[in-house]
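Have a look below at one chain only, the form predicted alone, in structure tokens format.
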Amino acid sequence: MNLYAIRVIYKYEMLRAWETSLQSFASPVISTALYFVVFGSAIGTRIQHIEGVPYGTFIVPGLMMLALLTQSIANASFGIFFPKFTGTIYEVLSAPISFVEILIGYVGAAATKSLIIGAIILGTAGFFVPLEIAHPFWMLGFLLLTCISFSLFGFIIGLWANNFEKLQLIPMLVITPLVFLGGSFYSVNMLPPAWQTVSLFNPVVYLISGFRWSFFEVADVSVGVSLTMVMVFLIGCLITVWWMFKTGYRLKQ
């Protein structure tokens, strides 16, 4: 394992984030505050509690998941796409490092940025609503798994995309709607039975449900099922990345 190569890639990606720290880290604080003003104040006056949890507190895990998923994908996809766009990816591919080391460097940096953003959002939420985490260990576990798995997914998008339009296509048209329809700001149990069944086909439901359970011990689906779905998605992303590097898909063009 070439730790030096991993460290170089990781530090470069992290330095790029610090150079745009206002956009990377200040933006989530502003967005979170706005969500609390709009959803917490406006809707919170009409919906006092959901399953015994105050509405303003109830939406915190959903807000975190919304930011984590979008930021993990954005950081990882742009991190690998930009070297492809400029042509410097060939310098990385020709270096004596394996695809595992490249993957750890890029995905590790993207996941770290997402974890920092998650911590910022959690801290910001504490200024608006009282927070108690029932299972801190499980909360951290779901947090790590989400950041890593969706950073891997973003890495795949970055390898697949051959222009900036495609880079934004899946996050904007697929991921964001799935997050909003995945119970971020409501409980799936509030929906009519038919729509509850439809919601179970949304993979984001399992992420948000498991993450919310770690906060309030309230879940739309079994925690075991949520954890299994996250692990299946993570393994699927790892297999896809391995195949892309093995075949040179969108890398040798």
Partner chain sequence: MQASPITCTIPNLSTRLLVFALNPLVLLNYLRPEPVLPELTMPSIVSIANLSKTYTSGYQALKDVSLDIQRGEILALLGPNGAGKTTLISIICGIVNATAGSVTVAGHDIVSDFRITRSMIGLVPQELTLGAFDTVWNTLCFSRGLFGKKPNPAYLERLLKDLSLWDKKDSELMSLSGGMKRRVLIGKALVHEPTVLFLDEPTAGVDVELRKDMWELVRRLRESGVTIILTTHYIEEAEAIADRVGVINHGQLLLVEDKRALMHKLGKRQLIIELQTPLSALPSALDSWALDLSAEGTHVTYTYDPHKTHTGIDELLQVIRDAGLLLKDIHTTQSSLEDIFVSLVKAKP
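Here the structure is a predicted model, which means the values were calculated and not measured. Positions refer to the first chain, counted from 1.
Another form exists, predicted together with its partner chain; not displayed. Remarks below refer to it.
Q: Any idea which of 147-155, 107-115, 132-140, 80-88 reaches within 4.5 Å of its partner chain in the model of the complex, heavy atoms considered?
A: Contact-bearing stretch, as computed: 80-88.
Q: Does its partner chain get within 4.5 angstroms of any non-hydrogen atom of Ser94 in the model of the complex?
A: Although its partner chain is absent here, Ser94 would touch it in the model of the complex, with heavy atoms inside 4.5 Å.
Q: Is the gap between Val230 and its partner chain in the model of the complex 4.5 Å or less for some heavy atom pair?
A: Output for Val230 is no: heavy atoms all beyond 4.5 Å of its partner chain.
Q: Would Trp242 count as a contact of its partner chain in the model of the complex, using a 4.5 angstroms cut-off between non-hydrogen atoms?
A: Close contact is absent here: in the model of the complex, Trp242 is far from its partner chain, nothing within 4.5 Å, heavy atoms only.
Q: Using 4.5 Å between non-hydrogen atoms, is Ile9 touching its partner chain in the model of the complex?
A: Output for Ile9 is yes: heavy atoms within 4.5 Å of its partner chain.
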